[in-house]
Structures are given as C-alpha cells and as structure tokens.
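One chain comes next, on its own, written as structure tokens: the form predicted on its own.
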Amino acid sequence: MNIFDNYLSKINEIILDNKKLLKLTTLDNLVNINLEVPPDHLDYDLSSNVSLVLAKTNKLNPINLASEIKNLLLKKESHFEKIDVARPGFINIKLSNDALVFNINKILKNKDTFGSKKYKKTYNIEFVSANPTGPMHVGHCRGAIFGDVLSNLLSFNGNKVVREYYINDYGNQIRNFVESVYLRIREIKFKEKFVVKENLYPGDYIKDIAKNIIKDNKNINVENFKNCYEELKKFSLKASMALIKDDLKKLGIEHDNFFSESELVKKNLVNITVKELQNRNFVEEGYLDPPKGEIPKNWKKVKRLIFKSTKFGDDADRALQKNDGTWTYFANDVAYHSDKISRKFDNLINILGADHTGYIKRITAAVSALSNKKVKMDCKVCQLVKLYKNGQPFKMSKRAGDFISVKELLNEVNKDSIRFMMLNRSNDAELDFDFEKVKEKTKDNPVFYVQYAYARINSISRTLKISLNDQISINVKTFQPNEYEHKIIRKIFEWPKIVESAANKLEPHKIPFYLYELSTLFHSYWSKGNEDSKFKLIQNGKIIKEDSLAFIYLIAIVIKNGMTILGVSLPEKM
C-alpha cells in the first residue's frame, strides 16, 4: 500500500476527466507528474508538481492552472481536506481525518507487506566473489552486506532473486595459494623452513589449512609440487571456501549459487562465447593501441582477438587474448556473463570493490552485446572501509596475513552492528567504521537507537498487557492526533516511497537512514510525554488515549519490516 501512488492515480483520473475544463490540449507528459513528501515546515501531507508539468506543455500560467486544479480536487476527492497553491505552481494537500483513519487502518490490516510492491522480475546479484585464497577480511564485508541487503530489498518487493558467488579458482593467484599450502605442509611434515617469496601467502590461516589437509588426508604425497598440484588444489580450495562460507554465515549471509571459474574453462565456455560474438561481428582480430601515457616496457604490438566494446558505450575496445594467445581474465568474465544471460534473468547486478570501477563499462558492454541489449546490467561499487580502534587506523594486507578478518571483527562487534553500520553511508562513499562508536548505547549509535525504539515499544506492550501481533483499528469519531502524532503519520506514510526509491535506485542505505529518523521521532514523542502531561502515552499502567496505540503499532510495523530487510535482529528487551 502506497498512499502516494493511490492519490496520484486519483489526481490523474480527475485531470483526464476534466481536461477540456482545464483547457489542456495535450496530456503526453502526464507520466512526469509526481506526488511527494512536502517540506517539513509545511503542515501538509502531499505535494504535487501537476500544474508545473501540464502548464509547460499546454502553454498555460502554472499558478492559474494550479488554482483550477485545486478547486477540482477539493470538489472531486473527499479525502482532500485542504489544498494550498505555492509558487511557482506546486499544489500542497492536507488529508482529512477520514483519509488518515482509512489509510492507517489499511496499514494495520496489512502490516507484514506494508511498503512492498509486487514487481515479479528476476535478478541475479553477484556479490563478495572474493578470491578463494583465505578467509574474508573487513574489506569484503561492505560489499557482502550491501549485496545481501539489496537482495532482501528486491525480494521484499516481490522479485525473484538469486544470490551468486563467482569463485575465482583459476589463474596465477590460485597457483600461488596452493604453493603456499604445499610449503606449509612440508614445513609441518618435514620441518622445512617456509621461505617467504613474492606472491605467496604467509598468513597463519595457511598453516591451519595445511594442518587440516594433513589431518583429513594422512597419505597425501607432497614430494613434488607439480605432481600433487591438482589434488592439493582441490583440498586447498575446499578448505578455503569452507572458511569463507563460515564467515558469511556468521554475517547472516547465504548464497544460492556458487559458480566456478575453473568449471567455466573446463566446459569450453570461453571459446563458445567468443565464437558467438565473432559470428555477430562483435569480435575481430587486430591490434590494440598502446596505453595512454607512458608505454609499459613489456607492451608489444601483437595481433589478437579484440571485443568491439566501443560499439556499446565503452571508452576503448578490449583484448580477449594476452600476448601469448591465452585468454584474458576479461574473456573468462564475458563467458561467465553469457552463462548468466542463458539463465533468463531480467536484471544482472554485480557488486564490485573500489578497485574495479574501471571494469564497469567493458562488462556492461559485453552484456549488451551478448543479450542484444535485452538484459539490464548494473554494477554497484562499494568504496573502502576504514577501520578505527582507539583512534588508530587498522591496515589490512591479505598477502602479508596481517589483515583484520571477519572473525576478528565479529569478536569485537556483533553482527547487527556490522550489518547496520556498513550501510550507514552510500556505497559510493568511503566509510569510517569505529569500533568504539558502534558499542555506544546512545543516539550517536544508529543501530542501538533503532533497536531501542522497538524494545521500548515492546516494553509499552508488556505494560499494557497487549501483543503487537493483535489486530487493531481506529475510529474516525475519536481520532484526534496531536502534532507529534501527525509527524509520525507522515513519516509512516513515507515508508513505501523509501522502499520503492531504495529498490529502483539500488540504494539500500536509504532504509537505515529512514529507520533512524522514524526512531528519533518516536523517542522525541516519548520524551515529550515525560515533560508535558498532554503528550503522555501511559498513566497507571493504562493507555491515556486509545488512538495513540495505533501510532505505537505503526512504528513497530515499519521498524520490523525495515530491520528484516537489513537482516538485523530486534530484541524485545535492552
């Protein structure tokens, strides 16, 4: 249920029925009319640009047109109690008590689905996809939580979402990882010193992987790295992915599908995909221009297969082969996305790290080429997380093994705080994560403040001996909301609009922002009751004004729906 959609539909209907009276010769831009939340300083519930939009194309005075529309709306729609025309032509609408009661009762009746829409599209969301060379570190956390919450948000709106993890288990970094495990096994079995070489992984977790492999495979032969490579690779990747999956589970994240790059290569999907693009004249043999600026010493003018990505909005065409003729990482990625397209998703979304910004145009171009521009591709980049403890920054380096792991983070801060705070800024802005601040039990800690609002509401329900699961409704004859309750109503009505905007723009950070604002309104209302008896909710264990109960229920409904999307728990006592 979305009152903005409902009343916009009624306004459009009234405009269409009275276009001659309003002297409207064209209504082509009716889709540009919107209904928004008025500025806070105005005592109105809805605000529309209807006059501005229609006046422009029909060459009418927007103020005069707004006045005529105002009179029509007041005459035709009983839910509109008062309408004001504001320059340069906005129409601000105040709803009647009947309208408020009608909409509040609808929310109370449909509490579990309040805010959702039934879109029924299919999404593949690929996120995390960390190289399987060790456990997750804090740098992976933000993208992992962003992808999971975005999946929850789109699912809440009735879409079918597949959460996918692309396992980069092919290439030099995997060989270096397996060699690191091999040397640790030899260190344990034969007391050989682990020699730190460039590109190896010396972290302690490699020792743990080596110990577990020895424990589970007592007869493993590690006399020669080349001879045991394939078997050891299988054991090492299995152990590493188990660490990653365990870390994800502790963060409340579970993927639906794990796609292996090695399997992609084994099934010859790269050759098949490149041939398909060649047949459609999107791949040709040729020479790439040298990189702009200083030419690298190892750059050679070599004939190779090139994807014509400039045909699809990229800045340059992209090589599918390296100097030695083997496939580039990009070629493998093109094949992977071809497989995604074959699975018939309406939308593909990739959640990328801060160092992958330059990759967006080429992979978007590849999806356009492979799907004949029928599949929508979005890439969301999660910027860096800066960790602070005791005022000092933490540095991370996965190769050196001195990174802050997810396990260590969870030892310091609970899952709820991590999930909420990782979304406390837009994904395209860097995030400062302060260990001490997320432990504070103050207004400055947003997750605590929202959870505390819900716990406080549960405390009220216990005092009144009622359940928040009870079905209630309000009576228009007794409904007289005070100024704080009016603010809460308007904020509650805004919830479906927040969900819609967050889902359409792929911006889940809007959910925690909104929940914090709503919780602040509730806490302020509660505090005001302690200062002024006319705003008091409870006296002698009883609700003073029956209709006030509805506002408590409304806030609880929205906080519960919002925190469910965020994957954050709601304790009933704090």
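Numbering starts at 1 and runs along the sequence shown. Small disclaimer: the values here were computed from a predicted structure and weren't measured.
Another form, the form predicted together with the RNA, is not on view; read the next lines as being about it.
S.K.: Quick check on Phe448: any heavy atom within 4.5 Å of the RNA in the predicted bound form?
M.R.: Answer yes; at least one heavy atom of Phe448 falls within 4.5 Å of the RNA in the predicted bound form.
S.K.: Would Glu531 count as a contact of the RNA in the predicted bound form, using a 4.5 angstroms cut-off between non-hydrogen atoms?
M.R.: Output for Glu531 is yes: heavy atoms within 4.5 Å of the RNA.
S.K.: With a cut-off of 4.5 Å between heavy atoms, is Asn49 one of the residues that contacts the RNA in the predicted bound form?
M.R.: Output for Asn49 is yes: heavy atoms within 4.5 Å of the RNA.
S.K.: Does any heavy atom of Val195 come within 4.5 Å of a heavy atom of the RNA in the predicted bound form?
M.R.: It does not: once the RNA is placed as it appears in the predicted bound form, Val195 has no heavy atom within 4.5 Å of it.
S.K.: Pick from 224-232, 98-106, 383-391, 211-219: which stretch has a heavy atom within 4.5 Å of the RNA in the predicted bound form?
M.R.: Only one stretch qualifies here: 383-391.
S.K.: Which one of Phe312, Tyr170, Phe282, Phe259 is close to the RNA in the predicted bound form, taking close to mean a heavy atom within 4.5 Å?
M.R.: Checking each option against the RNA in the predicted bound form, the one that comes within 4.5 Å is Tyr170.
S.K.: Would you kindly say which of Ser473, Ser78, Ser459, Asn414 lies with a heavy atom within 4.5 Å of the RNA in the predicted bound form?
M.R.: Residue within 4.5 Å of the partner: Ser459.
S.K.: Within 4.5 Å of the RNA in the predicted bound form, do Leu42, Asn92 and Glu430 each have at least one heavy atom?
M.R.: All of them do, each having a heavy atom within 4.5 Å of the partner.
S.K.: What residues of 262-283, in sequence order, lie within 4.5 Å of the RNA in the predicted bound form by heavy atom?
M.R.: Heavy-atom contacts within 4.5 Å come from no residue here.
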